[in-house]
Every structure is written in C-alpha cells, then in structure tokens.
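Encoded as structure tokens, the following chain is the form predicted on its own, with no partner shown.
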C-alpha cells in the first residue's frame, strides 16, 4: 500500500506500521516490495532504530538476522539474501558461498555498509533496557569494528575507506564522480537489468566492474590496499563509525567488556576526520588521486554525530546546513547535494533529493549537540514530507513531492521514531 496523507499522528503511525508489516518477510524487513526484495544492512539498522520504541522485539530480530550474514573477518555485508526473489546483482554475482570467510547457509554480497549497527543496538538498549541482547550481539559488533580498523584503513591514517559507491549508503552521490571517471571505460554489452530501473542515469557498468574485480580477487584486504582503483574516505561513513564507537564504549561494560578501546578508537577517528577531511566543511578524500572531493554533499554533516566534535566546528557545520547552500533555499530539508553545485539534480538519487534517513541522522546530531530548534525543524519538516507524499524513497527538496519507490521501509520506521519524539516533547 502507499502511505496516504494523514490528518493526525495516530493515523500516520497506523500507516507506517502497515507499510512495515507488508514489507516484513518473517526474519527481516525488505526496503520496498519489488525493487528491493532482500535485506540491506544500512536500511535494517535504521529500521531497527525506528522500531525500538514501538516494536523492540521485532527490531532485535531485524538486527540478528542481519548479523547472521556476518563474515569471519568481521565484515557485515551490505545485502543478505534471505529469499530466492530475483534481484541484480544477486548471489550469482557475489558468489559468497565460494569464500571461506563467508557464513555457511546464508548468501550475501561482498561489500559492507555504513556501520550504524552499534548505535542501533545502543538505541534499542536505551529504550528497552535489555542487557541480555547487548551481551548477545556485542562480540559481533566488536568484530565489525576490528575489521574496519584493519582491513579498511587503506590510507593508514585511521579512517575507514569505502571501496564501492554502494558501501556509502548514498550510491549515486556526486562525491564519487571523479573516482568513477578515472576508471576505464567499461561496456558489458547488455543492460544491467534492475540497476537501470532503480537508478537511471548511473554508471552501472563501472559499478558492476568494481564489484567483479573485488570478487575475483577473493575479497582480500591486500587487494584493496594495493590494487583496487576505487577507495575514498567518506565523512558520513566515518562519522557514523565514530558514533558507533561512542555507543560501543557505553555498551562494553554492559557486556562485561572494556570501554577504553572504543573510546580510543573514537578519538583516533575524530583526529583523523579533522586532519584529513576538514577545510571549513567535511569533504570526502579520494585515496587514489590523493585529493579531497570539491562538491559538498549531505555526507559532510556525518561527523556532527560525534558528541565531542569541537564547538566551533559544530557552529560552522550548522551554519552551512542552514545556509542557502542547503536548507536555507529549499522548502524541505535536507537536499543531498548543495544546491549551487553544478552536479545538483533534484530528480536523481543522492544528487539533490531529500531522504528521511539523512534527515533523521542530522536530527539525532542536533539532539546530541543540544540544538533543539534545529532538531524541531528537522522533525516537523520530515513529518510534513511523509504526510504530504507518503512513505516514499526520497523527496523533492523544493516542493516535497515523492520520488523513487513507494512504501519505503526506513521512511516508515523513522517516522515512528519522529512521532514518538514529538509526543514526548
């Protein structure tokens, strides 16, 4: 069903729960029926956070089913294939079953995703007080963080690198344009069925080529460090990782562990973000060219999730966020690319549209820093988007019209959380 405009909060909550029930497979929530028929890591983390106050047991099942796909290396894959539904690129492309480190009996992709999982567990623990769940999943979270700190520190400065646009959670962002343009011209001679429908205008031949190169190298960390042609330090990915390190430091004593290593990792990430990605705003760094990316996207605000980000940097980032480059010139927050950039396109995924996911993350960042007015604006405007257009994948930042697929799960789940906060306020 498509979310319909709702007059009151109770009606909107019922709409959201109906979407989530329709998208539930019994073990996980698919992002949307038809186009996205499997479990996506980033989506499931956000969905679990949205469900934490309303359906905490369902949220726990969501995270546990995702962690069933974790590799022995600690890598949490960006897709777990729980059903035989057709999808491209599916299990036949990734061939996880051929890898000794992949889980047995569960098919997955070979890429990872923004490591929001520890923050999601902390969010559940905060609202449910379930120490047993924390103890159950803590080893998996710790292994994930070890993987990022070792296999993904390709620049040697403490930040994790993404090795494919799909790992960013912001697939078609203009932040990746330069790195993709530096790759060889690739033509497979056939339409990448499914990809073209989901993301028209994207360079899917290069996307697929990167995935196949990594697969054919056995998903080895050494290959990523020495040969893989796409490697970027992304401020959103690393800002999320830092926030998850802070969460792990708080969860560690609950699980009988030591908080110090996670607090120290957060400090290393904070220092590296400032040293390598900050120049008045946070920009991604292309490790292969050695240059930072010029365009400023919504990813620039990821480090705001750090509760210890210096006060002057918080002020600078909020000024940029509220300026005519982003929120100040649109009817709805937050455009996914600065609107003055030549790459801005209000119609194309992650090149202009607003997303409930990033709005929610920035609202969380505003709360972390005590920015109550900004938090309220993000809450009110995001709820206005879904009231007006339904639980769409993304939205036009100027007129609020819905874009992408309908009945999108993270839009519905995070709406539940925003409604819960508006009631508590």
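These numbers come from a predicted model, not from an experiment. Numbering follows the first chain given and starts at 1.
Keep in mind that the form predicted together with a small molecule is missing from the display, and what follows is about it.
- Note that among 38-46, 378-386, 66-74, 394-402, the stretch whose heavy atoms approach the small molecule to within 4.5 Å in the predicted complex is 38-46.
- For residue 390, no non-hydrogen atom is located within 4.5 Å of the small molecule in the predicted complex, even though that partner is not displayed.
- Among residues of the shown chain, residue 302 is not one whose heavy atoms approach the small molecule to within 4.5 Å in the predicted complex.
- The closest heavy atom approach of residue 169 to the small molecule in the predicted complex falls within 4.5 Å.
- Contact check for residue 94: no non-hydrogen atom falls within 4.5 Å of the small molecule in the predicted complex.
- Only one of 262, 350, 230, 326 comes within 4.5 Å of the small molecule in the predicted complex through a heavy atom, and that residue is 350.
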